[in-house]
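Only one chain is given next, in structure tokens, and it is the form predicted on its own.
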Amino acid sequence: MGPSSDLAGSNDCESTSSNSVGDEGGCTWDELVLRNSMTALVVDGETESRLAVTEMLESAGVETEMVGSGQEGLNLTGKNYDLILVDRFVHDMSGLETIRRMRRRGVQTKIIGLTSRDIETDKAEIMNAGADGCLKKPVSADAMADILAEIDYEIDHR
């Protein structure tokens, strides 16, 4: 069972343009070609969700670590990740607090909040906590492709 695709898109995804989180018409999973090696951290209290997102990232060639609690995520913030995904609800503290603490520690990595609740309700809170974007769970493969293509583009243009 492969990643699901919910968004249509027709952009060449070989780092030729920057894609914003949630932009329709961006990169699709099937078009995704990464030019750079990437690393990611998944912080999610739900084992099934954590495994699904990790499997999706790894299938794109992203070296991924996963943890189930906010404190474990904070303990790993000294590492240099290209992407950090944080669920709104993680063990031992809220995902919002996890994101806030990461930013207070100076983490500049792109952080994407995840929610299984209503995205419109949670997005403002997640963004106000310091996230760069927000995705609804289960995560769409095309939405993830947009994020990875954007990071790949940014790596090329540093």
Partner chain sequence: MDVAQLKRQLFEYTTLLFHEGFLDEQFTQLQQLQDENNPDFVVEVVSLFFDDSQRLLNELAKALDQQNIDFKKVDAHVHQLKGSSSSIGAQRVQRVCIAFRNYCQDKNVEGCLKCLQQVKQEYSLLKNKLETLFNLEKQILAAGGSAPM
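None of these values were measured; they are calculated from a predicted model. Positions refer to the first chain, counted from 1.
We do not show the form predicted in complex with its partner chain, though everything after this point is about it.
Heavy atoms within 4.5 Å of its partner chain in the model of the complex are found in exactly one of 55-63, 126-134, 35-43, 99-107, that being 55-63. Not displayed here, its partner chain is kept clear of residue 69 by more than 4.5 Å at the level of heavy atoms in the model of the complex. Although the partner is absent from this view, residue 47 contacts its partner chain in the model of the complex, with a non-hydrogen atom inside 4.5 angstroms. Its partner chain in the model of the complex is approached by residue 141, whose closest heavy atom lies within 4.5 angstroms of it.
When its partner chain is considered in the model of the complex, residue 116 lines it closely, a heavy atom lying within 4.5 Å.
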